[in-house]
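Okay, here we've got a single chain as structure tokens, the form predicted on its own, with questions on binding and movement later.
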């Protein structure tokens, strides 16, 4: 299949066995939507399954084609986007979808690379935060470019106010998906792949994608990182700590800004082990600033939540209810005692769209919703660029 591997892997955590499953050929964008395919896999393998997947355009040359998803079924299905480089790395590992079944007999992580999947028991991970889990996996496997989506202690405890963390950064999970990892004994899932995707008309696909990028850049102007997407990040104290702006795979207009809080923001090298935090969680920043924190303190509080795998808006709302101030010490006290607290319904990437259908379409295609809301979502132009890669005319 062009732009796809055409297969999923179904992994049983209890038996540590897996089977590959061919995905049906389809020539309709709705039929190949990542959420539609994930729902089909859940219907086939049971509502207790967890599915990680990629869109048909994930890893293509269409701008900001970085998105993967995590989806679980049941009466109220939940979806979390996977951004950065994780969605693309999943597809390059040789699979479009990963179906996770059952419960592990001992905690550990699912390790997927180059068409191979295995579950590695790691009881010591239970005592680690999400950052340490990423470090351990990369050290154990000898590759610093491995992409990791991890739960932290809050996810391990099955708390609905937990959050999945991509490598070291949180922001995508606002629905407590980390608890779904914890219930299954999954400390993390890691991906690495050296695969290649076939294109029906490589040169045409390149040219069409390049035209889109040029059109977008002319319209968007100079990038200011996260401040280009929200005035929340346009404060002076935020700008003074900004070290660099970071883009996800295939994105010409980054929405991530790394703030240095423990060393000179102008220093090009990363001198200390934990020099700062990569911000893209607008809801968390908004809440921290609302509670009176400055940019440096907000970074420390949000980083503390990311390490624990605790959703930061829920944590800060709990601090507010308890009469605490938004400081690092107060945050450490709350996240150090995992407890069920209500999610606030805070949104992040979906807040970019007035029309929820367009948000869902973006995820299904494998495109970053924040970027495409910014440039103006145009399914016709996306479909035109996609067609040269897929070899058929999407509708």
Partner chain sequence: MSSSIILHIDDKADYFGLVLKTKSEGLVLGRPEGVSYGQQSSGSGGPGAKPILLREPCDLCGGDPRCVKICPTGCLSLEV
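Positions refer to the first chain, counted from 1. Keep in mind it's a predicted model, so treat the numbers as computed, not measured.
Below, we turn to the form predicted together with the partner chain, even though it does not appear here.
Handout entry: residue 282 within 4.5 Å of the partner chain in the model of the complex, heavy atoms
Key = Flag for residue 282 set to no.
Exercise for the section: Report whether the minimum heavy atom distance between residue 240 and the partner chain in the model of the complex is within 4.5 Å. Expected result: Although the partner chain is absent here, residue 240 would stay clear of it in the model of the complex, with no heavy atoms inside 4.5 Å.
Problem - Partner contact for residue 143 in the model of the complex: the partner chain, 4.5 angstroms, heavy atom - result: Yes.
Exercise for the section: May I ask you to state whether residue 230 is within 4.5 Å of the partner chain in the model of the complex, using heavy atom distances? Expected result: So residue 230 does not count as contacting the partner chain.
Handout entry: Partner-facing stretch of 97-105, 274-282, 297-305, 317-325, counted where any non-hydrogen atom is within 4.5 angstroms of the partner chain in the model of the complex
Key = Going through the listed ranges, the match is 274-282.
Handout entry: Position in contact with the partner chain when the complex is considered in the model of the complex, options 334, 69, 50, 61, heavy atoms within 4.5 Å
Key = Result of the distance check: 61.
Handout entry: The unique member of 234, 217, 200, 116 whose heavy atoms fall within 4.5 Å of the partner chain in the model of the complex
Key = It is 217.
Exercise for the section: Taking only heavy atoms into account, state which residues of 110-138 are within 4.5 Å of the partner chain in the model of the complex, ordered by sequence. Expected result: 131, 135, 138 sit within 4.5 Å of the partner.
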